[in-house]
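One chain comes next, on its own, written out as structure tokens in the form predicted alone.
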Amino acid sequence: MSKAKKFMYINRHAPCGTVYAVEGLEVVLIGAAFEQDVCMAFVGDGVFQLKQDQDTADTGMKNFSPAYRALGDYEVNRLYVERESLEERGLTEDDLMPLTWEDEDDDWAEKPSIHIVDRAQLSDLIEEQDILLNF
């Protein structure tokens, strides 16, 4: 049997103004439902997708950010956020949603899904992937 391919979904767009963010999340959930080895990266304006307390009332778009809480249920627990992108947008890790997953191998302990990495670390993670999808 062949080794499962590793997929990274790279999120580069803000959550509002285009369909990239919501469609990217939908594709991740579909892939994870089919047991793909999935991780996500958030760079550039994509870091705004994970910002807490999003208000989309003025955009005419539905606030889909609560759906990120379902990622742990789909075993998507590696969300890499580029530190430099956060800093360039005046954000810190404290501005992000507290997303977690339950580790069944550790007595169902809740663990953080978001991992802050610098550009060099993210570059290394990208190199490890078999398939990259940009949204």
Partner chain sequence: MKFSVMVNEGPYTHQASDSAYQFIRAALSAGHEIFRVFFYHDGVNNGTRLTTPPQDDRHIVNRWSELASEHDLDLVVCVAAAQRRGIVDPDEAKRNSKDGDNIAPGFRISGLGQLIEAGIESDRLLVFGD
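Numbering follows the first chain given and starts at 1. It should be emphasised that the depicted structure is a prediction, and the values quoted were computed from it without experimental measurement.
Just so you know, the form predicted together with its partner chain exists too; it's not on screen, but the next bit is about it.
Of the residues 95, 102, 87, 26, just one reaches its partner chain in the predicted complex with a heavy atom at 4.5 Å or closer; this is 26. For residue 108, no non-hydrogen atom is located within 4.5 Å of its partner chain in the predicted complex, even though that partner is not displayed. In the predicted complex, no heavy atom of residue 72 sits within 4.5 Å of its partner chain. Contact annotation for residue 61: none of its heavy atoms lies within 4.5 Å of its partner chain in the predicted complex.
Under a 4.5 angstroms non-hydrogen atom cutoff, its partner chain in the predicted complex has residue 30 among its neighbouring residues.
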